[in-house]
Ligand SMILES: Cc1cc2nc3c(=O)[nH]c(=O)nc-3n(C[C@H](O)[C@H](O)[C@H](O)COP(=O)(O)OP(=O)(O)OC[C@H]3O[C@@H](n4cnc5c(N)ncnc54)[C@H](O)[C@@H]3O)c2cc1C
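Starting off, we have a lone chain in the form predicted alone, written out as structure tokens.
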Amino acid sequence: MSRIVIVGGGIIGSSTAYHLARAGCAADVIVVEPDPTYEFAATPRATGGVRLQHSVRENMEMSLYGDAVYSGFAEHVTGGKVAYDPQFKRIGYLYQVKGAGNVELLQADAEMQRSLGVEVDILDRATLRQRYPSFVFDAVDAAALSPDGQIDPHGALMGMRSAAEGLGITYLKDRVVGLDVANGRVTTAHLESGRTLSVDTIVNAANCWSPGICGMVGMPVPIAPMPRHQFFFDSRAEIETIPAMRGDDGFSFRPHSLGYLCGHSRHGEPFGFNWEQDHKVFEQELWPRLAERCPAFEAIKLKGGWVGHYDMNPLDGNMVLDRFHKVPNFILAAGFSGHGLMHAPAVGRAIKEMILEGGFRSIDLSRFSYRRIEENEPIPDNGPRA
């Protein structure tokens, strides 16, 4: 049968491989991943949230499928040689906004979310103060509370990969350095080791590195790495149990292990890889904001942290999932902008459908086409962003 080459063995590539294997195609799939330790991969450096609040309906549908898979991982992801547990916990998610216009958007999004079966409560400032007395909500007019989940990203990735390998998928420790294109199709993949792979279909799931692979077939994409600092701290004072909390300014914090995790998307920073943890970001920017929102966080201790990178699509903060019309056997799945982990189960299933069934069957994801990139037509999205 034909050879399916997946570039990138992170959560998107591994989910794709797993779904193809479940469909009986394991012998025809090779995943090329240069770093099987995933030291600098996006997935293990994610916060692990499975968010059930989006303003784009298709994102909601993908999150709901991800929620079902991760909350019942042992039943949904089978075939692994080694058992991994993503340790799903339903901690909740509180998205806070200010301004009458934003409150109206929040309420409209909640109606759409409820239509898909998600229990979303809109809380006013008085209710927020009563429910979370340790916090200050002077700059918040309303918030939406949903029953979101939290997982261990590394456990999810290794569980998906081990299940794919258990079903017969081959992973190569190598790097794609070139693609041959003839008559509008990729025919051969050249690897750093000198090996070549014949190609019938190639899936670019290389995350922040995907633009380089796209360049090999003449497919320009606006995807770039956006650094995101995460800081882990504990508090001397005890407070009430809280969900993950996020403001419409991108500032967020959540319970994590025996403490809390705090981060902020800094959209003004230049795109590019930056792996150095800058503690001044925490001390000078985030800690004062934490203390302002929760006086108990004035006495906290920084315990560690890390830097991860979103494969950011600055056009609209949503993925590109499509065949390249000039090279139709080249499929791009990247630009997730922070959605990759939660949407990986649905995306892997969708790519399987694209390859084996001729198009989307479970969820129509055609809105995330490459055409909108070429025509500069962003998807309207007023929900929580990266």
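Predicted model, so just to flag it, every value in this text is computed and none were measured. A residue's number is simply how far along the shown sequence it sits, counting from 1.
The following text describes the form predicted in complex with this ligand, which does not appear among the structures shown.
**Student:** Name the residue from L341, M319, V69, I351 that puts a heavy atom within 4.5 Å of this ligand in the model of the complex.
**Tutor:** The residue in contact is L341.
**Student:** Between this ligand and D234, G259 and W287, in the model of the complex, does every residue show a non-hydrogen atom at 4.5 Å or closer?
**Tutor:** No, because D234, G259 and W287 lack any heavy atom that approaches this ligand to within 4.5 Å in the model of the complex.
**Student:** Would you point out which of 352-360, 22-30, 45-53, 323-331 contains residues with a non-hydrogen atom within 4.5 Å of this ligand in the model of the complex?
**Tutor:** Flagged stretch: 45-53.
**Student:** Is D109 part of the interface with this ligand in the model of the complex - any heavy atom within 4.5 Å?
**Tutor:** Contact with this ligand, no.
**Student:** Is Q230 part of the interface with this ligand in the model of the complex - any heavy atom within 4.5 Å?
**Tutor:** Yes, contact at 4.5 Å.
**Student:** Would you please decide whether M60 lies within 4.5 angstroms of this ligand in the model of the complex, comparing each non-hydrogen atom pair?
**Tutor:** No, M60 is distant from the partner.
**Student:** Answer for Q113 alone: is it within 4.5 Å of this ligand in the model of the complex, judged on heavy atom distances?
**Tutor:** It does not: once this ligand is placed as it appears in the model of the complex, Q113 has no heavy atom within 4.5 Å of it.
**Student:** In sequence order, which positions of 192-216 have a non-hydrogen atom within 4.5 Å of this ligand in the model of the complex?
**Tutor:** Counting only heavy atoms within 4.5 Å of this ligand in the model of the complex, the contacting residues of 192-216 are A205, A206, N207, W209, I213.
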